[in-house]
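Read the single chain below, which is given as structure tokens and is the form predicted on its own.
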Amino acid sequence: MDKVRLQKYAGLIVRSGINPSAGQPVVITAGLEQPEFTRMVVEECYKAGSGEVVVNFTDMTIDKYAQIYQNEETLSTLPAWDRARWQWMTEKFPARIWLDSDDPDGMAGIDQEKYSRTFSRKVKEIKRYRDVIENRHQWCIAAVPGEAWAVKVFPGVPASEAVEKLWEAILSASRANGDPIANWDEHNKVIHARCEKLNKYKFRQLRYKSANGTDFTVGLMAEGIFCGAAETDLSGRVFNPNIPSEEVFTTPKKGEADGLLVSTKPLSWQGTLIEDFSIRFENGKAVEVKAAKGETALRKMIAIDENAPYLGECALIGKNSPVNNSGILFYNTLFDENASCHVALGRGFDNCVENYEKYSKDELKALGVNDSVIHVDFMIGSDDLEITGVTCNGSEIKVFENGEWSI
């Protein structure tokens, strides 16, 4: 891939993605397969005026070995050095970048029972630190190709060619061609205008219907708002948490969701692929799941904690998004969620409550914001999806028709 294009992409991740303050530390998490691009991102951080830049390299194969060979007590325990790292983040509030290149099947074959138990215990300990830094720092998830991921997306071609094709797809879907920063400035204006339009309706329900079996109603909070693209943290710093990002989203009201949602794309969760699945809700809670592949992983996911079976997000994306128009199934939630309307199980977003900074965490929960250790998106958009918004006075407004915006 042309280095000039990659340097521009690195600049987009830093300047539009995290937008670091002068002297602010940055923590980058990256896989082992793209060290040269990771170096580009580090350099862009320093050129943007950040303070110390720390890189944590990860490898899914090593993580899989840990799951196979380590005992549960070790896997479940957050070691002292990791607690110190999280504590440092609650004091310094570094900007954070995650360069995702994970293999969608990278954890296939592990003991799902063991993984679920150990993952649940560890993330519950991490959550108390994450609650402190939430909305107080900038973060950005972007992608770089890993060889195993590229071969999954483009089977039947040599690995090097698959990686090059995936680079091309990532840059195109991420609006990183030409002048990436100018592209995102314009894109943010479009998304924010759409949010403003939706917020004027003050919807209290969204009703979903599709020929694939989706027939679902979800309640929204009176205080809730739709958000999308660039966000602002509590210090006033503007950042883009996801590259790409085509969604307009809100946090639904916990306890108000009924009916069936049928997935339209596979879900890769923690290296396990879940395919052809559906989830039925009653009184806000997922009470029945079915999957052709990965059903055990799906069941374990929604049992991580008591609030994992409740929804934390409803996201709206027209079928003519650049990601969907690419015709590529990425097997990666960052991209596939931006090709399709989706919902998320687990944790909701505090900033989807108007003037959220005025509320305590307990008050936000009382309003209906779900709180969980997970936040897992799954895709439900289809070419015939209809979504109807119901206002507080009972008026019905067609929001989506035939998979595309009606408003």
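Note that residue numbering follows the sequence shown and begins at 1. On a predicted model such as this, the values are computed, not experimentally measured, just so you know.
Just so you know, the form predicted together with a further copy of the same chain exists too; it's not on screen, but the next bit is about it.
- Contact between Trp88 and a further copy of the same chain in the predicted complex is found at the 4.5 Å heavy atom cutoff.
- Contact check for Thr29: every heavy atom lies farther than 4.5 Å from a further copy of the same chain in the predicted complex.
- At a distance threshold of 4.5 angstroms between non-hydrogen atoms, Ala84 is in contact with a further copy of the same chain in the predicted complex.
- Interface residue remark: Gly109 is not counted as part of the site for a further copy of the same chain in the predicted complex, having no heavy atom within 4.5 Å.
- Proximity to a further copy of the same chain in the predicted complex, taken as a non-hydrogen atom within 4.5 angstroms, holds for one residue of Ala211, Ala292, Ala182, Ala80, which is Ala80.
- For the residues Val373, Cys352, Leu367, Val53, the 4.5 Å heavy atom test against a further copy of the same chain in the predicted complex is passed only by Val53.
- Looking at a further copy of the same chain in the predicted complex, residues Pro35, Phe57 and Ile62 each place a heavy atom within 4.5 Å of it.
- Contact annotation: a further copy of the same chain lies within 4.5 Å of heavy atoms from the stretch 63-71 in the predicted complex, the single such stretch among 376-384, 358-366, 63-71, 340-348.
- No residues of 215-236 lie near a further copy of the same chain in the predicted complex, the criterion being any heavy atom within 4.5 Å.
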